[in-house]
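Next comes just one chain, in structure tokens: the form predicted alone.
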Amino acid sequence: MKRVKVLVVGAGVVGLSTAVCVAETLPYCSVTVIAEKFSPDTTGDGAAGILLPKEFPDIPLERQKRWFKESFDHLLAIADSPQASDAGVYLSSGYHIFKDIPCDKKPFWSDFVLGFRYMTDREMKRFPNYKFGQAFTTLKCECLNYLPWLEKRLRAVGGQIIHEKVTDLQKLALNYDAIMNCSGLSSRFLLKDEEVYPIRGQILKVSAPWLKNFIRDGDGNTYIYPGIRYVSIGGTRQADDWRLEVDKEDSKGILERCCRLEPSLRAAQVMGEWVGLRPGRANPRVERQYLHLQGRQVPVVHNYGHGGCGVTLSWGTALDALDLLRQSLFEKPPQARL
């Protein structure tokens, strides 16, 4: 089979995962990643990287389960390997607490994390304003380590890297046989996809080495995630907010809320603040289309819109995108336009 030139647009955790999946699985493909920003300047580099999915409304639950299970199993294998330290992947145990008892006390992902159980009355006494809790062990994947590790893994199988802002997929497609679009929030402009919107997230990085277990409010707005270099405390989920500047009022609110959950944080030193824009969408877009160019059909596989679940679903959606690419290379394309 002749060499197939594949271009991956985007170098966040979804883009690099997709690139590695293609390059390692399809040896007849030469893979190039193009992006304006690489680690340490992607959204993922500031994210806590805890694996904890949400349920999307219009994607079959079995597909969501597969995305999470494949991502979890992939990262668990890394956590159990000698590569764990370099990759920044490790187990993290803690509490997921709720002010009101949730309708679904045992969520769809509970069978894939480790040791899922309901918290005991004694454990709940630590959190007097909360009525219910879940205890489990999940994974934490720190992109400051993981993204350079993936990039190294990509280069090891011949992958190429281009630092360049992408403004026109049609122009790029002239020089490639297939495109994997993992451009996240930029898909709003590249594809005119107005379903993609920013979800502004702000966190504080604090020094609190005595904290070993995560605590997360079920509403997703307050969390404490101990990490390798610092403890991430947060956060905000501000839809359609494009601000990248630190908001001091947000920082103050985050610190107050997290100190209520974990009073010992009042003794923690604030090391820094960070703001990032998650690529929000009602449902992630993992599907294939075709560009019609100069008498040929160029497959474009989309893999974006994960919101705050980029790390959580990255390997699972990359495997789906890989399958869509593989199908498009062996099927006769329909007469369709992007």
Partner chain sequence: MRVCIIGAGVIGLSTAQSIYQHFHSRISPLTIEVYADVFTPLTTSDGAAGLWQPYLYDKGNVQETKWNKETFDYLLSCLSSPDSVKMGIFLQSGYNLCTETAPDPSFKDAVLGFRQLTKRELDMFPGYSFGWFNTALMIEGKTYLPWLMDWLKQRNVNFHQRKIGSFKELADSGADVIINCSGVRSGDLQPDPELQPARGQIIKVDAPWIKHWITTHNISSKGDSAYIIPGSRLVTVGGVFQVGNWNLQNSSVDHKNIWEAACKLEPSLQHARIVEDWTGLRPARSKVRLERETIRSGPTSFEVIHNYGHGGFGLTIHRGCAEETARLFGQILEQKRPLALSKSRL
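Residue numbers count along the first chain shown, from 1. Everything quoted here is computed from the prediction, not taken from an experiment.
The discussion below concerns the form predicted in complex with the partner chain, not included here.
Stretch-level contact check against the partner chain in the predicted complex with heavy atoms at 4.5 Å: of 179-187, 109-117, 161-169, 237-245, the positive one is 109-117. Contact with the partner chain in the predicted complex, defined as a heavy atom within 4.5 Å, holds for exactly one of 132, 197, 149, 72, namely 72. With a 4.5 Å cutoff on heavy atoms, residue 226 counts as touching the partner chain in the predicted complex. Proximity of residue 95 to the partner chain in the predicted complex falls within the 4.5 Å heavy atom cutoff. In the predicted complex, the partner chain sits beyond 4.5 Å of every heavy atom of residue 254. In the predicted complex, none of the heavy atoms of residue 128 sits within 4.5 Å of a heavy atom of the partner chain.
If you check the partner chain in the predicted complex, you find no heavy atom from any of 63, 277 and 294 within 4.5 Å. In the predicted complex, the residues of 242-276 lying within 4.5 Å of the partner chain by at least one heavy atom are, in order, 263, 264, 267.
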